[in-house]
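Only one chain is included here, represented as structure tokens and corresponding to the form predicted on its own.
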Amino acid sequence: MENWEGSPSGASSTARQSPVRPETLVIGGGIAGIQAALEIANAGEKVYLVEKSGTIGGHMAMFDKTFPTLDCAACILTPKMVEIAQHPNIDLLTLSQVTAVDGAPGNFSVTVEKKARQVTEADCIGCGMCAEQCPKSVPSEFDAGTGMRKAAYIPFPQAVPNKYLIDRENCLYAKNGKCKLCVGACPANCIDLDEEDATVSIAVGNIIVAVGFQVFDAARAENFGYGRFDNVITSLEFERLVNASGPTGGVLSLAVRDKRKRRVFLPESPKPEQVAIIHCVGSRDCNHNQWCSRVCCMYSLKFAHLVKEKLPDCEVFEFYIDMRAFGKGYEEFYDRIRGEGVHVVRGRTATVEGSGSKLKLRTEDIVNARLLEQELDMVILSVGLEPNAQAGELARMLGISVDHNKWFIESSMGAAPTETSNAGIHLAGACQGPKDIPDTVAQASDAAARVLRSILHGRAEPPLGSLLPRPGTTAVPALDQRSES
């Protein structure tokens, strides 16, 4: 069942006695990495936080509200992001990726490739003059393609670091060497379009893997028409459309085509009158991913609330397979949404097709034993969670393991869910498997606590799971041997 991508060193008496460097590497700057880094740094220890994009925040920074409390996601996350930037015990490396890991538990040597930002962070004043003058526009990754950004850009207004960067893949100077408008426009003279990538070497005692997840590519589920119909959108696209910092300023409107025939969302465009939300797109599906992504049911219910909040007269339909409201307050949230006039229909959706300016949805209603066919203005696909695309490569570097789906494997699901088979390397968040924000934060704090314990004890202890019996095996060594010094 397990696909071993690395060569785990496992636990040994040598690992138990290894001295531990006090520095910690956290790989991934989403909510899991942020939480873990702050827990360790607030305890007085040094943390290196490595993030591959130009800002920390991860997927949570894209969200409008969180379920089931409907708290503002930015209100929870942004203070933590700012604390990361200002913390004296945290070195933040953005646009960076781990390329090699050597050494032993307690004393890892890590090589990090830091891509050139081409804007000096210390000097950039965030004025935006470079972006104003930049002639190249491309779809914004942060807005999930619903809006545009320049090749000289800041990922979003609350980005950390709150500095601009140059997208070399789309920069005209990088392509033909002819454009330097951003350089001339910069009042701080902090843009260097010839800056090269750098390699950074760091030594740490522990590593926390918090690389998160990626969402299912909705175009793979061809029956739902994503990519063929403009108003079939994904969950992340919807999050950006209803967010006040999104391309429409929080106005939920239908897509239109601009002069270049590109799909765009404008606040003045027509508003949807009927919206369908389809659960389990790419999850619980033998054609794609068989696992439950855990968060889709609840964020779909959240979407229904947000649609009704933005457009009270809009008719909203939820089409689900099973309602998995498993967490604290989740069942109550489900009851609340049903009380808001949302049509909750149990049944698997078959197809979404075009019908003039409308979308025609064919589905089933299991409770009433009937097939349904109805016309709608907008369909929201609740896409599931998948392992990070770099999980296998990272597992090989770290000498840890992933399962056949590429989720990282914990040392013991019941006893040590944040430990790996390699001492000194820990897991936090959705890289281990789909989970919601509360579970992610709790797991990140647990990983940080285990790191602090090893620093306090001054030794790299073997993973607890390596001392527990596997099915069909006996326990060797005994559990009480963990207390030996």
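Numbers follow the displayed sequence, beginning with 1. Please read these numbers as outputs of a predicted model, since none were measured by experiment.
The discussion below concerns the form predicted in complex with a small molecule, not included here.
Chemist: Does any part of residue 53 reach within 4.5 Å of the small molecule in the model of the complex? Heavy atoms only, please.
Modeler: Flag for residue 53 set to yes.
Chemist: Is residue 212 close enough to touch the small molecule in the model of the complex, meaning at least one heavy atom pair within 4.5 Å?
Modeler: Residue 212 belongs to the contact set for the small molecule.
Chemist: I'd like to know if residue 450 sits close to the small molecule in the model of the complex, meaning any non-hydrogen atom pair within 4.5 angstroms.
Modeler: Residue 450: no contact with the small molecule in the model of the complex.
Chemist: Using a 4.5 angstroms cut-off on non-hydrogen atoms, would residue 302 count as touching the small molecule in the model of the complex?
Modeler: The answer is yes: residue 302 has a heavy atom within 4.5 Å of the small molecule.
Chemist: Could you tell me which one of 47, 425, 27, 460 places a heavy atom within 4.5 Å of the small molecule in the model of the complex?
Modeler: Selected option: 27.
Chemist: In the model of the complex, which of the listed residues (307, 232, 385, 207) lies with a heavy atom within 4.5 Å of the small molecule?
Modeler: Residue within 4.5 Å of the partner: 385.
Chemist: Heavy atoms within 4.5 Å of the small molecule in the model of the complex: which of the stretches 114-122, 257-265, 345-353, 213-221 has them?
Modeler: The contacting stretch is 213-221.
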